[in-house]
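Below, in structure tokens: the form predicted on its own, a single chain.
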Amino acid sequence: MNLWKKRLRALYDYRFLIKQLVTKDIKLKYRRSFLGYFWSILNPLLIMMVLVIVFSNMFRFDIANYPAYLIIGQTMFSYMTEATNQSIFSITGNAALLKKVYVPKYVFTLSKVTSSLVNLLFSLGAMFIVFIITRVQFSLYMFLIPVVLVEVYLFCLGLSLFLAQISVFFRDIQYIYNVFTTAWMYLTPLFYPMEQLPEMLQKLIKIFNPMYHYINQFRTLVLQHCMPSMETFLYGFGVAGIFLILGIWAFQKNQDKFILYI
């Protein structure tokens, strides 16, 4: 318990550094961009429009309010891929600084996941524009959206810590992970209904695909105007907790070896 208190205290002490790293990541992303932060709203809207045109003509899905259905899945999954892909380089990309001064190594990974969360919050602007245009009815259940965002943030943080530490020793992990996320995307009902899949595959996705549950919670709150099942919430926080504990454990175990490989 004292060890965890010490770590939490260190996290609090370095809060200003984390804030500066997050600010730097956001500024670098939009530096020399003509549209600037507006691009975070425009980009998901353009992608959604293309996907709606393509999939609504190629496939005949019986999905009510397909644009809103699509942009929710697209936005949530894009956050996960952005946060984890950037975190892979969070240690190796700051090798010069880590060799000169002592800084808790996890702050670099934490800042990447957090800066991606800020970008996600910008993207929510595009999502709500779609909600207004497609006349999604507002409900009090939408106030529970931050709960879903906390779940997916903790999940991404745990996965990012694990990827960040393993990429120090195995640089090829970035290529393997890109292939993995591509398969992951197609095995997540982003642009098709779950019912299109074989029953056995549906069961496997519900058991082993956390992103399905996070996206489904979001869609249930917004499109179905009701509370997701308690089992879904428990699964979401449970998986997020498991990945967070695993990520912290692996990171703490190997962080003293980083200096030998970066």
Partner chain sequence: MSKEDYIIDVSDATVRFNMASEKVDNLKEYVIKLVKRELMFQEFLALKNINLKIKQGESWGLVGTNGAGKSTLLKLICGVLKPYKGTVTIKGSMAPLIELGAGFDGELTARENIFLNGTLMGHSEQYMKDHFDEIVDFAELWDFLDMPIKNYSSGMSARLGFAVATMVKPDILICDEVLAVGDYKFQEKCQERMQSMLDGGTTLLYVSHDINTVRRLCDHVLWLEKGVVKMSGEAGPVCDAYMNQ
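Bear in mind the structure is a predicted one, so any value in this text is a computation, not a measurement. Numbering follows the first chain given and starts at 1.
One more form of this protein exists, namely the form predicted in complex with the partner chain; it is left out here, but the text below deals with it.
- The three residues L17, K27 and D172 all sit with a heavy atom within 4.5 Å of the partner chain in the predicted bound form.
- Among L121, A183, I132, I176, the residue placing a heavy atom within 4.5 Å of the partner chain in the predicted bound form is I176.
- For the candidate set V136, L187, I145, V103, a heavy atom within 4.5 Å of the partner chain in the predicted bound form is found for exactly one residue, namely V103.
- Heavy atoms of L140 never reach within 4.5 Å of the partner chain in the predicted bound form, leaving it off the interface.
- The partner chain in the predicted bound form is approached by L21, whose closest heavy atom lies within 4.5 angstroms of it.
- Within 4.5 Å of some heavy atom of the partner chain in the predicted bound form lies at least one heavy atom of L260.
- Taking the partner from elsewhere, L98 is found to have a heavy atom lying within 4.5 Å of the partner chain in the predicted bound form.
- Exactly one of the stretches 69 to 77, 157 to 165, 124 to 132, 90 to 98 approaches the partner chain in the predicted bound form with heavy atoms within 4.5 Å, and it is 90 to 98.
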